[in-house]
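Take a look at this one chain, the form predicted on its own, written out in structure tokens.
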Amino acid sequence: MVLSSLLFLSSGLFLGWSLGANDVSNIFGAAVGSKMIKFRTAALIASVFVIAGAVFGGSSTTQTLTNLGEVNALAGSFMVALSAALGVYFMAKAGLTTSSSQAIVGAIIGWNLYADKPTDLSVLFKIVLSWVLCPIFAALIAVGLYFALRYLIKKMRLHILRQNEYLRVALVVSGALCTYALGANNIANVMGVFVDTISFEGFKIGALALGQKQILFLLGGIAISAGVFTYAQKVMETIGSHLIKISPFTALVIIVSQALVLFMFTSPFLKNLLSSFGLFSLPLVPVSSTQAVIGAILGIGLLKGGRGVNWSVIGRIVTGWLTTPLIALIVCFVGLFFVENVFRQVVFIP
């Protein structure tokens, strides 16, 4: 039973590996591209904190994907995760960053169509709205941070060498916080469809107790970490040096902007706080770290007149954003047919 469960879970682990190869690059790509942090250092920091974020903060966004489509059979969960993983993998192989959030949403809708289950349009609207708001917020935050940090650095009047040392430390700290936020926000993409279809016995090590859901998130976090070490460097080069010329200062602005955006869509505390004052609260949904980092980069690029932005690369990335959910939907629908009719597996329960 355990072996068969792990076999079905392999597609989720593959998706986690793809997310590590792709989305973590969004965080440290600017720092690595600016030569302030070595790739190995970035990979180690990202691995530790993305696992911590997944295990201890990953529950808040998982329910949203469950509400979008309640995948109720393990073989169905396998195909949904595999469809999303294939889309992300091929984008990463091409050296282009894409969105695992969009891929998993497309795959879930594909399952809904095949199983003749309704797609909750109100949940879908919240998710699509987050795709629009995420890069906009990132751009606005990046512009504000750019002016605020530049003013602070001028006030401190640091020597250029001391300034670079402070920037390097700030890049490490902000990158760690951002990868924690990524793990908390995006682990739902990796393991969310398995929460209701697979079971593990919880265990306790000293004062640390992990339930079924946290064990799933731990396995997903480890898979993300493996993706960072084995395949992220190529995508980091695209983000860090091919879109716009990145300075260490600009890299810091981009990472902090991304971390804040991920936090905004992950924190139940912030959502409840805004609601208590009668203000608009953002939905707790897995958002695209890809869109956040591209939004931040574009915000800085447009602030500087837009002359240094590589618009051809931006165009290819946006095309990937539009086609990824559609590709995942089609692959999932066709894949479910084969899994059910060729391999005789139950992919949905009526």
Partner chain sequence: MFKVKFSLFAHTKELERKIDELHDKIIEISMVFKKAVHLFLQEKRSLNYRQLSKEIKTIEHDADILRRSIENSLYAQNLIPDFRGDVLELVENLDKVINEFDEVAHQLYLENPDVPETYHKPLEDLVAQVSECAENLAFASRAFFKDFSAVRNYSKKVYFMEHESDKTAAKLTEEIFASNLELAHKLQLKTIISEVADIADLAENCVDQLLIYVIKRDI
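Here the rigid core means the biggest group of C-alpha atoms that line up within 1.5 Å when the two forms are laid on top of each other. Numbering follows the first chain given and starts at 1. The structure presented is a predicted model; accordingly, all values stated were derived computationally and were not measured.
The same protein also exists as the form predicted together with its partner chain; that form is not shown, yet it is the one meant from here on.
> According to a 4.5 angstroms non-hydrogen atom cut-off, is Arg150 in contact with its partner chain in the predicted bound form?
Replying inline: Result yes; Arg150 sits at the interface with its partner chain in the predicted bound form.
> Does its partner chain come within 4.5 Å of any heavy atom of Met36 in the predicted bound form?
Replying inline: Judged by the heavy-atom cut-off of 4.5 Å, Met36 is in contact with its partner chain in the predicted bound form.
>> With a cut-off of 4.5 Å between heavy atoms, is Ala75 one of the residues that contacts its partner chain in the predicted bound form?
In response: No.
> Taking heavy atoms only, is Ile160 within 4.5 angstroms of its partner chain in the predicted bound form?
Replying inline: Close contact exists here: in the predicted bound form, Ile160 approaches its partner chain to within 4.5 Å, heavy atoms only.
> Want to guess which of 160-168, 173-181, 217-225, 98-106 is within 4.5 Å of its partner chain in the predicted bound form, heavy atoms only?
Replying inline: Correct option: 160-168.
> Heavy atom within 4.5 Å of its partner chain in the predicted bound form: which of Tyr89, Phe249, Phe137, Tyr114?
Replying inline: Of the listed residues, the single hit is Phe249.
>> Once you overlay the rigid core, does the Cα of Gly33 travel 2 Å or further between this form and the one not shown?
In response: Yes, its C-alpha moves 2 Å or more.
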